[in-house]
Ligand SMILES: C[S@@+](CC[C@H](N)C(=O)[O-])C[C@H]1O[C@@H](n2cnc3c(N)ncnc32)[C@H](O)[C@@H]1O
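Given next, in structure tokens, is a single chain: the form predicted alone.
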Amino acid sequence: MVEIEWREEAGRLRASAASEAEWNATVAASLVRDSDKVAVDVGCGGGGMAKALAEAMPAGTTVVAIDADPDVLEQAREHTAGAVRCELASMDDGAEPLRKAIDAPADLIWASASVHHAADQQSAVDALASLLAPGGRLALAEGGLPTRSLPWDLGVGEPGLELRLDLAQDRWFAAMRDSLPGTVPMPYGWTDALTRAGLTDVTTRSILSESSAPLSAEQRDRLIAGFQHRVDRLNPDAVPTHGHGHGHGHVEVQEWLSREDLAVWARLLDPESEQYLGRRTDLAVLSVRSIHVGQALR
């Protein structure tokens, strides 16, 4: 069984909100229309997109940031510094709590990597779509391609280490979905989900982001911290084996990565090791993130 302890993730989500400010600003500017009056970030995390939406929206309009965890929402409240209204609500409770939190039909709803945490993803998409004003848009940031940062052969361990990390994370994700109470399969893509929710003009836009080698010290440290987080989540010796609630932790021990790969990662992530990733000059970041958008009937 796999659960996610969101209060333990709050600080990391706040850091991501700050580090992704440029990406958020670019995407927000591409989604906002001059006629928009209400924009919403559902599953807002650290508040990065909510802040970007507030900066992109016309003057005198409303931006609402919604999250189901109070600790995460507090980080969003601090990050957005009064520029948005922060509300506590969960997609798993249906449309009405969300509608009450927003308090007006929305012209734009953004949900990034949040719907896939709902037990019934299609019902969550249906609920979000029902909150739209005529002609309003629902944008789901889900999927894309796995980020690539490491050479295939690192000179330590078996080649293809990053590929195996991605595969282990995919298995972890499947276990996380299976662990959700009342989980419902969604055996089709996000564009179909938007269409089934009654939205039209459904399309996908994928955005490529690249930082080539050599990375700056800040980029390198952020990349290494990201690898540390991913490996810790997949390492049964690095996370609790009991607990409850929403958490990026294990309730039963399961080996996602081989012991050999875990030993290699321990060397790569140890600043005292000769193989420490921070000593390398060939680290890069190549990322492709997909945004699926549908529009309500006018």
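The numbering used is simple: start at 1 and walk along the sequence shown. Only a predicted model underlies this, so the values are computations on that prediction, with no experimental measurement involved.
The next section is about a form of this same protein that is not shown, the form predicted in complex with the named molecule.
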| Quick one: in the predicted bound form, does every one of Glu162, Phe227 and Leu286 get a heavy atom within 4.5 Å of the named molecule? | no
| remark: Which of 88-96, 164-172, 149-157, 198-206 lies within 4.5 Å of the named molecule in the predicted bound form, heavy atoms considered? The stretch 88-96
| said: Whether Leu145 contacts the named molecule in the predicted bound form should be assessed with a 4.5 Å heavy atom distance threshold; does it? | reply: no
| For Arg77, is any heavy atom within 4.5 Å of the named molecule in the predicted bound form, or not? | no
| task | Please check if Ala113 has a heavy atom lying within 4.5 Å of any heavy atom of the named molecule in the predicted bound form. | result | yes
| message | Residue-level question: is Arg177 within 4.5 Å of the named molecule in the predicted bound form, judged on heavy atoms? | response | no
| Option touching the named molecule, based on a heavy atom within 4.5 Å in the predicted bound form, out of Ala68, Met57, Leu257, Val64 | Ala68
| Among the candidates Ala127, Val72, Ile109, Ala193, the residue which, in the predicted bound form, approaches the named molecule to within 4.5 Å (heavy atoms) | Val72
| query | Even though the chain is shown alone, can you say which residues of 38-61 have a heavy atom within 4.5 Å of the named molecule in the predicted bound form? | reply | Gly43, Cys44, Gly45
